[in-house]
Structures are given as structure tokens and as C-alpha cells.
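You are given C-alpha cells for the same protein chain in two forms, set apart as structure 1 and structure 2.
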Structure 1
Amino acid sequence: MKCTRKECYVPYLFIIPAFIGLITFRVSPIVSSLWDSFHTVSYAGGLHTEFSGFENYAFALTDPTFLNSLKNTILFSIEVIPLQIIWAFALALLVYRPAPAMGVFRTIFFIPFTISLAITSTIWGIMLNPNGGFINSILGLAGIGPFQFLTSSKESLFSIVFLVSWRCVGYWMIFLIGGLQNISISLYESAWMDGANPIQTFLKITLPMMKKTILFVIVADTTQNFLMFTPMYILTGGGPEGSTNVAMYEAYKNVFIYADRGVGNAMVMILLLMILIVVFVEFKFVKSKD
């Protein structure tokens, strides 16, 4: 509705409270992060900041610890995103058609998502205890293990991938169920008439029709996991031997432990740029798969 001249300020009155919040707590942190990443705090001759160009970026990108943490972030994403999507897709395929007890199973699969990431990490940290923890204890019944899990540099990152996925797959399942239910049943019927087998039907009908939903889940999954470091903070502190030290955790340490805001914020900016690129590539990749 167009406003009459004397009340043109009205629309702005309604949005002011929200925009004060968005500008103060969402937009200005990004701006301040960008500014910090180009400045260095100097304590020589009294506290002052000076413009330092790309010095912080250069420092971050030549720091072996940060480079190793970038490698971990990429490894983590390469493992966690496909695992979550395949797992969630399997769950969605199992429960999307109406049948007895499907609602109950959907609810059960969704329950872990209502548990916070911090608690999920804490619980799994105890269950994955190498000495008589719940999982080793159960696997022991079948004569498997014991595993070192979080205390081994070989197993730690994947242990975190697993526990994060355990929490989240029910959430992605919801979107995938929505997508599956939108596929018209007549498409399947005509495929059956043509004698297509279930695998052909899945590849030729289900997957192509689900493209938009899958793209959304991949992109949302990427932005959710790329900067995640709560489990690492709670469970491993980045260890053992730096094997779970992801890049965002390294940025956090730079700001809050090493008190180096410039470098820490440069790392955040590098990560944001990487997310943008990854999401862009994901769009291209899914769109081109015709």
C-alpha cells in the first residue's frame, strides 16, 4: 500500500527496532571485522592501531598452523557434507510415503536435532571414551575394537564428523521429505509402465526432480559446517597433534587467546570468502548436472 504524504514515515517506524538490531549486531561486526583485518594493534609507545594493508592476510596465509587448520576445515567439510546428505536422503526415502508408524519414526529421527551441539559433543565425548566408554563397550560385544576415537589423530576428525551428523541428519531429512512429496506420483507411474527398475526410477526421476531441494540442503549444510568449531572446542581443543584444529577455531584462538585481532579477523575474512566460492561452485555444479 502506498502511503499518503503525511504518513510516509510510518513504514520506517515499524522497521526501526529490527534494523537497530540488525545493523548493530549483524552488519557492523562484518564491517568491523573487515576493518580490523587491515589494521595492526601496536603496543609500542602507547596503544594505537595502524593501517597495515594485507600484512595480516600474508601472515595468516604463511602461518603453517593456519594452513594446517584450513586443510582440516576442508577435510571436515568433504567428509561431513556428503555423509549428512546421503544419510538424510536415506532416512527421507524410508519415511516419506504414508505408512503405519512413519510419523513416529520421523519424530525419532528429528529428536537429536533438538539437542544442542554443545550437549551432543559432551555426550558423545563420554560415549567415545576409549577406556570402557559406551561405544567401545558395545562394539566389544561383537569383538570389534577398542578404538581410540577422539584421542587418536587418525580417528578424531571423523569421530566429530559422525557426532555432528548424528545430530543434524534429521533436520536435513525434513527438507528432503518435503521435496520428495512434491514429486507427482504420475511421473513414477509412467516410469513403471515403461518397465523401469527402482534404481533407474531413482536416477531418472527422483534425483532430477529433487535438484532444487538438494541444492538448498547442500548450500545450507556448507554454511552450517564450514565454520563449526564447538565440538572441537569442547572435545579435543584442536588436538591430538592438531588433527581437529579447524580454521575457525584457529581464528578464535588468535582473537581471544593470542590477542591478535588483526590476524584473527583476516582469517575470518579468508573463511567467508572461501564459503562464498564453495557455495558458488555448488550452484554451478548442481545446475550443470542436467
Structure 2
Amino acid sequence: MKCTRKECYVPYLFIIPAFIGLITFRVSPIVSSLWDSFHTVSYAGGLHTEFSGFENYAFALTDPTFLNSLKNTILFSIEVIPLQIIWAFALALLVYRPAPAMGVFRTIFFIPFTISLAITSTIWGIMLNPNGGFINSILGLAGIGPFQFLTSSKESLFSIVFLVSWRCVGYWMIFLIGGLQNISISLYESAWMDGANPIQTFLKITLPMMKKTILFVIVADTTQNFLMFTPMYILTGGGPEGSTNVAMYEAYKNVFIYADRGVGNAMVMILLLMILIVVFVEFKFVKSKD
């Protein structure tokens, strides 16, 4: 049965606001950054732009500070993405079944995400302070520490990894709960009748049926963490010794501190290209065959 003209076009009217927001806040900034990355911007005697070709990219790719920030970005992502996914999946498995008080536990796990990243960073910065911070005070009672969580080049990056994971796992847990609840209970009942144990049902039913949800969470989490720099900006300023100076923070400094829009936006484009490559690899390894 064919839809009438009104029935065919009305659904598109409802998604127009979403497309306008997407173009305004996502597509337009990317296009603007791409344009700026091929130009040299001067503020002498007013705003002037001059086409410079790939000079900004050449400078960025030979800048030791930016190359170090790319390394830090990769290290940060390698640590934070698996930690968040595994942590969120474990929480989802604990609370996805309907039972008394499960809604309370889901809310408790999700609450950290409702706090802005800036406020979360500030609070954890106070707690991780090596001089009288809450965490070191507790560890001191057990005769451990003190640790230089945010002032040591060996500990600062993982401290931020833990902070970010603590805040975000509840958010990714919600998506994974949705995927778990969509798995038909009849699949588990059939497996139990055939004598499958919990590990076998997890490996043969839960994981395969969750591939699409897990892929979405991995891709979204990858994009978020590659572009993250708020905790580094607030807590360490990219230090100590450049150990937390990630690529997005270096691009931010070039644009807003050094007033070099061309180089800063070239760094952003390089980072976006890295994200596309990583996401492509993730699709190849995780995507469901169906």
C-alpha cells in the first residue's frame, strides 16, 4: 500500500531540525576548519587570509610538540577505551535484568555523567592533590603513598584515564543495557536446555548478539576520547613534561593562545583523519557478519 503525499513527506519535516543542528554545529565547523588549514591568517592591520597550500600540514607534521601530542593521544585512547567498554559492560551485565532496586543502581552508576567534565575534573583534582588530597589521605592511613597523581609524568595520564572512565562508564552502560535487553530470553533457555554453562552462553550468545551495540559504543567512545582535552587543560595544562599534552589540546593552544589558526586547524584535520582510520579498523574487526 502506497503512502499518500502527506504521509510520505511529514516524517521528513520532523527530522529537519536535527539536520539543521547537525549542519550548523558539526558540518559547518569542519568545513571552516578545513578552509583555514590551507590558509595563513594574519591579524596585522585587520584580519587577512592568504592561501598557503600544505605548509600548515608540513609544519604540524614536523613539529616535535605536536608529534608528541599525537603519541599521547594514542596512548590515552589505548588505555581509556578498553577500560571504559569493559567497565561499562560489566555494570550493564549486573543491572540489565528487571529486579527490585535495579533502577536505583542504574541511576547511581549514571549520575557521574550528569556532572560536567569541567566540574568533575576540578573535584578530582582536589581529591588527587598530593598534599592533603582525599585519596592520598586514605592511602596514607594504610601506609601507602603519597602518590603524585597529577604531578608525575608516569602517573598523570593514567590518573586522567581513570577520571574520564569514572565519569563516562554510566553513559555507555545505558546503551549496553539496551542491547542486552533486546536479546531474546528464548535463546538462553534453549542453551540451558542443551546444558550450556554461563561462560558458554556469554561467549556464544551474548557477545555475538551484542556486536552491533558494542561497535556503536566503541566508535562513539573513540571519537569522544580522541577529541577530549578538558581534563588535561584544567588539571595539568598538558604537563608534567608534556605527558598529558594531547593533540586536541595542542590544536586548541595554536588557535586560541598562539593565534595561529592555520596550523591549529591543520592539526585538527590530521586528528580527524586519524579518527577515521581508527574507526575504519574498528568496523573491520568488530562489525557483525549479518
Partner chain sequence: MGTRISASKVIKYAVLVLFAVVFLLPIWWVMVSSFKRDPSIFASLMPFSAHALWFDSEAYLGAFRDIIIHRNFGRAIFNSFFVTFSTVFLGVIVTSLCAFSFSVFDFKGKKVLFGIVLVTFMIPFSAIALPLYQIVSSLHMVDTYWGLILPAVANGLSIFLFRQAFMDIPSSYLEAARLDGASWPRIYLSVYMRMSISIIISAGIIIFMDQWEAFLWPLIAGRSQAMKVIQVAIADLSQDNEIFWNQIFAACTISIVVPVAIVLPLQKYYIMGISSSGVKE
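By rigid core we mean the largest C-alpha set that fits within 1.5 Å across both forms. Every residue number counts along structure 1's sequence, beginning with 1. As the structure is a prediction and not an experimental result, all values here were calculated from the model.
One of the two isolated chains is the form predicted in complex with its partner chain, namely structure 1. In the core-superposed comparison between structure 1 and structure 2, the C-alpha atom of residue 28 has shifted by at least 2 angstroms.
The Cα position of residue 19 changes by 7.2 Å between structure 1 and structure 2 once both are aligned on the rigid core.
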